[in-house]
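One chain follows as structure tokens, the form predicted alone.
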């Protein structure tokens, strides 16, 4: 093989450098941990299932906003048939009263900066 003494070590060094980020993160970076949320004490169920809300709450809030502002609809019928007011402040924040203990924990972990609080007043729990 022509210049094998240079090519083989070069390939080995390239493979080590190309895969280094994967090895480094698997060894030295801790795995993802789901944040512990402060759930409402007096409620055992959200308007939809927890799995549905984890995956779709952002789409649901955008849909609610559009339906309330553009179409004037104010009521949401959940999959269990119960009817709720489509309101972040009056429905969601009635149970999730502390933004720092509920919203921020997941959003900070996922490095998401939602724009909900540019218009709505953020709940602060029992703080004054």
Partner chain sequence: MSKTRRDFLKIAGISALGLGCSALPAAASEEGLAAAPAADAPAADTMNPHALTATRWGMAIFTRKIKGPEHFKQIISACHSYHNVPKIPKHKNEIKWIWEDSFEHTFTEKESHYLAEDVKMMDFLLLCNHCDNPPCVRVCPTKATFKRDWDGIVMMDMHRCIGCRFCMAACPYGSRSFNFGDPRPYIKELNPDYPTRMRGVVEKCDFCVERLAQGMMPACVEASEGALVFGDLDDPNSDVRKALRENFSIRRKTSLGTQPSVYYII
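Note that the structure is a prediction, hence the values are computed from the model and not measured. Residue numbers count along the first chain shown, from 1.
What follows is about the form predicted in complex with the partner chain, which we do not show.
message: Using a 4.5 angstroms cut-off on non-hydrogen atoms, would residue 74 count as touching the partner chain in the model of the complex?
response: Yes.
task: Please check if residue 82 has a heavy atom lying within 4.5 Å of any heavy atom of the partner chain in the model of the complex.
output: No, residue 82 sits far enough from the partner chain in the model of the complex that none of its heavy atoms falls within 4.5 Å.
- prompt: Is residue 50 one of the residues lying within 4.5 Å of the partner chain in the model of the complex, judged by heavy atom distances?
  reply: No - in the model of the complex, heavy atoms of residue 50 and the partner chain never come within 4.5 Å of each other.
message: Check residue 120 for me: does it contact the partner chain in the model of the complex (non-hydrogen atoms, 4.5 angstroms)?
response: Within the cut-off, so yes.
- request: Sort through 26, 89, 59, 43 and report the residue having a heavy atom within 4.5 Å of the partner chain in the model of the complex.
  value: Selected residue: 89.
message: Based on heavy atom distances of 4.5 Å or less, which listed stretch (50-58, 63-71, 33-41, 97-105) is in contact with the partner chain in the model of the complex?
response: Within 4.5 Å of the partner lies stretch 63-71.
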